[in-house]
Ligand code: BDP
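Below, in structure tokens: the form predicted alone, a single chain.
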């Protein structure tokens, strides 16, 4: 190697390890150091054609052109020429798809029916270049599998983010519409790079003020910032808004005056935001108002809003997260009981938005039985990107692994004629993308993990969850591993060893958190209120907010009996799953304590009795955090010092948290099992009284001082 080349390489490495605050996310267009690879891109991309139906330069085409020029210039040093042409519509592109490849003259072309399709094609091309893929013979078409791919922001108008762990809300309501933070466009750009095409600005625990003119003016300003990036704005609707801001005495969905009020209000919203997407509604759950307050059904409430939105092509996403304190049946059955009789009774522009599991974003739970039960109503999958039950943004949990479990789960749903021969392959993914039941409306929603922290997500590695959600929303057939590897390379550079180590850490992180918090199907044993840390002893006036309601520990054993001798929640699933999960010997062990009250001495597949296996899982979780620490430490000098130090510090905190989970839970459950800790499990640092006495104050994401 010549001295000049050595100096150039040293300078390149120095620049690549310069200070990083994480703000650029995965959109880091740093110069490619491989000269031959860079030269191949320069050869292929000197001239690029955008081909759309209109051939007109719109704001979206402008930002697509700016992005591509900046990206190629940063990655290769080349200043590409970009031409715009038109063609007839291509049926295989759809409204948002695109094709990449060379045309007959050898010019590289991004071809789409719509301008936003061009933008998505630009980001796809740049991602391929960032990850070193050959494009010389590239010929690919890509279309999203799900139509509406949304982020749900649980942001309040005072800028507090419920279950938010990365600072305050991005939306500066007080300053809007006049002062517009440049971060709004950076947010929309990041969403567009993943194909996310909608954002719900406000908390599902809704505030009716968002529907008043002063706030609609602010909403319109945000919509204007997002529009060039193909991101439509949605809002949450408080069902009692006709009373709170409309001056009516009722919000009864069958009252003509209420229907007239909503029609006028929705017409008004579209004067502010002509491409307004519609509403998300949380009703008759956790104290929120809803149609049941008037003896009406969820269908009555949803159809009220749907009828007013229909002339504007707006949609209603009616959440199935419903449960009531006065309902004494198993909480995981309540949504099924309320919604199954309503299947087929919703308007065409209503989609039922269902959390991945029947309880509440637990570290592991089976898929919601509604996905296998409702066949005549479009269903949306709601995922939680922000880590409410995974240590917020303090702990690492790569959630794509869990989301793939849900998406790939077979519901054994046979379609509208339930008596027909059951077919396999009725996955949750096929149900929500509309292909299983030939439905025209498809939606996926993710509760956002963004905030005002400079790196957007608090934990630098939590960016991977935002990224993974967007990639799966576009194409749910992608693997968790391929997405993790892709994100690691985009975010931390091309070094193979670095990519391999970060990918390994990400892929193991989910099961690590499950092991040290709620293994073997345990669920809802977290601390009260803020949900940070252990609380298997939590007792509440509402039984369904108490940990004992779920773990059912007693001297005989542990776990929730949801079989025929218990709550019989199993009956909400297909016969094939009832047979599998209902048998103590065939139930997957990662769901064992979800479905069964298991004797302490019951032998598991490992040969250990339940008590020993439980203890060893908790210990394994702690050990795995220590391994992650060691693996991350091996990256010192391979990535920038700033992000390295921040992640390292969070891993240290995660080990402390994991030990607390292990010690507190095992001491508590030991009071029932009356068995010693098995060999290999570290003794607790304190007694049970100590752990019960711990009161965390002002935990992020929760407004109360619990």
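If you're wondering where the values come from, they're calculated on a predicted model, not measured in any experiment. Positions refer to the first chain, counted from 1.
The protein also exists as the form predicted in complex with the ligand; that form is not presented, and the subsequent description refers to it.
With a 4.5 Å cutoff on heavy atoms, residue 612 does not count as touching the ligand in the predicted bound form; it lies far away. In the predicted bound form, at least one heavy atom of residue 205 sits within 4.5 Å of a heavy atom of the ligand. Interface residue remark: residue 115 is not counted as part of the site for the ligand in the predicted bound form, having no heavy atom within 4.5 Å.
Of the heavy atoms in residue 162, some are within 4.5 Å of the ligand in the predicted bound form.
Of the candidate stretches 335 to 343, 131 to 139, 188 to 196, 316 to 324, only 316 to 324 has residues whose heavy atoms lie within 4.5 Å of the ligand in the predicted bound form. A heavy atom within 4.5 Å of the ligand in the predicted bound form is found for one listed residue only; from 562, 111, 282, 436, this is 282. Taking a 4.5 Å heavy atom cutoff to the ligand in the predicted bound form, the contact residue among 275, 539, 286, 267 is 286. Along 523 to 544, a single residue, 531, places a heavy atom within 4.5 Å of the ligand in the predicted bound form.
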